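Given as structure tokens, the chain that follows is alone and in the form predicted alone.
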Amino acid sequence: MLASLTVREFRNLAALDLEVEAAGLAIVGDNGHGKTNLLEAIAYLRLLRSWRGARDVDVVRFGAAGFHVRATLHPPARAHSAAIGFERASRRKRALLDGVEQPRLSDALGALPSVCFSPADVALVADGPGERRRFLDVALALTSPSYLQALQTYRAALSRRNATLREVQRAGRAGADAAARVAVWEPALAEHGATIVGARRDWVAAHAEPFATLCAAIGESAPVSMRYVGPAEDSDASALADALRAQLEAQRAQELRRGITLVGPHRDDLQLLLGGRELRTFGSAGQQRSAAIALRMRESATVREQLGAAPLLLLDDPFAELDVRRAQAILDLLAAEGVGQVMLAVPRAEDIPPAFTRLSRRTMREGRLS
């Protein structure tokens, strides 16, 4: 899918030009030399932002005016080329498909379909609900235009309602007029929030059993499960919207005092359970890592269903901190699903799993490939 890559002034990658073989590449190099930065640059062409949570301005190489990433692509990518650029001075970010600047950045989302596996993924399990909400939002927004539209509209209405709540709180006026100013945003929150919750619940229902099967196959003896947790339990879209509207109205007085919206899909969680107990609290580091990899595999399956082909796999030393048995089980599961193009980053050549020794190798040192 990825034929060639050009990177300029991205983190420590001053000028990198790379031809990528159909099977992919293995990038070998000591930590801190730029392997993960290369994978991050590739992932920008899917997410249009850093999967490591960095601001655009923070990935510009020190002293540079901005960064630029460009790729030439083969099907099933939807364009022959994709590019993303950011200018430090203006804080402007531009996305191009086939050389044409997109009127909205969101029009270029998912230009290069990829899924990244990294030891940092343990945050999906070990950290708070925000990490898991973001996981669901990325998986669904990049495979469903209707979800992306609902998410954008919901976030815009939520931002405006919260701004109004803060204004009212600072002014110290919480009467009928204040309540009316806040309530004006609630129909949009209810309508689009219902779309978000419904899609998330459908995804969890479809992937709960395969997720549990993957965790067992990786080597987890206790049953692992996931469920969507939110205050609105209705499944019908209209009923969900009515329930969200009622909850917003019921919480409005408290929200006027606290200056923030307390109910809605932005407060929900994807709960992961190990033997009926929360995995984030009671799971070992190995169990949490295994569950995180299983989540990424379900994300890959979601992209595959939408794309009709395997996404590009970005593997950032993915088996670090895993015992040999679990690592081999994961490799076997990936092979069973069918692996397409792979970009693998590891510290040493001996860290390349047997399944990927077929990949051509490049060495990364101080931001340069050889």
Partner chain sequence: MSAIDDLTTELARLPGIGRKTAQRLTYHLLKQPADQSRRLAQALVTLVDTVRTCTRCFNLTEAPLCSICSDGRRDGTLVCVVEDAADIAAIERAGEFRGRYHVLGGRLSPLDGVGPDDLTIGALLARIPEDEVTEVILATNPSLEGEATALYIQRQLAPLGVRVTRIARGLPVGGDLEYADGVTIAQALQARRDM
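Numbering follows the first chain given and starts at 1. Every value quoted in this text rests on a predicted model; they were computed, and no experiment measured them.
There is another form of this protein, the form predicted in complex with its partner chain, and it is not shown here; the text below is about that form.
Asker: Going by heavy atom distances of 4.5 angstroms or less, which of 259, 286, 187, 129 would be at the interface with its partner chain in the predicted bound form?
Answerer: By the 4.5 Å criterion, the partner-contacting residue is 187.
Asker: Just one of 136, 157, 77, 248 has a heavy atom within 4.5 angstroms of its partner chain in the predicted bound form, so which one?
Answerer: After the contact test, the surviving option is 157.
Asker: My question is simply whether residue 163 lines the interface with its partner chain in the predicted bound form - judged by any non-hydrogen atom within 4.5 Å.
Answerer: Yes, residue 163 sits close enough to its partner chain in the predicted bound form that at least one of its heavy atoms falls within 4.5 Å.
Asker: So, residue 153 and its partner chain: in the predicted bound form, are they within 4.5 Å at any heavy atom pair?
Answerer: Taking the distances in the predicted bound form, the answer for residue 153 is yes, it comes within 4.5 Å of its partner chain.
Asker: Does any part of residue 180 reach within 4.5 Å of its partner chain in the predicted bound form? Heavy atoms only, please.
Answerer: Residue 180 belongs to the contact set for its partner chain.
Asker: Report whether the minimum heavy atom distance between residue 149 and its partner chain in the predicted bound form is within 4.5 Å.
Answerer: Contact with its partner chain, yes.
Asker: For the interface check, one of 275-283, 295-303, 214-222, 187-195 should have non-hydrogen atoms within 4.5 Å of its partner chain in the predicted bound form; which one?
Answerer: In short, 187-195.
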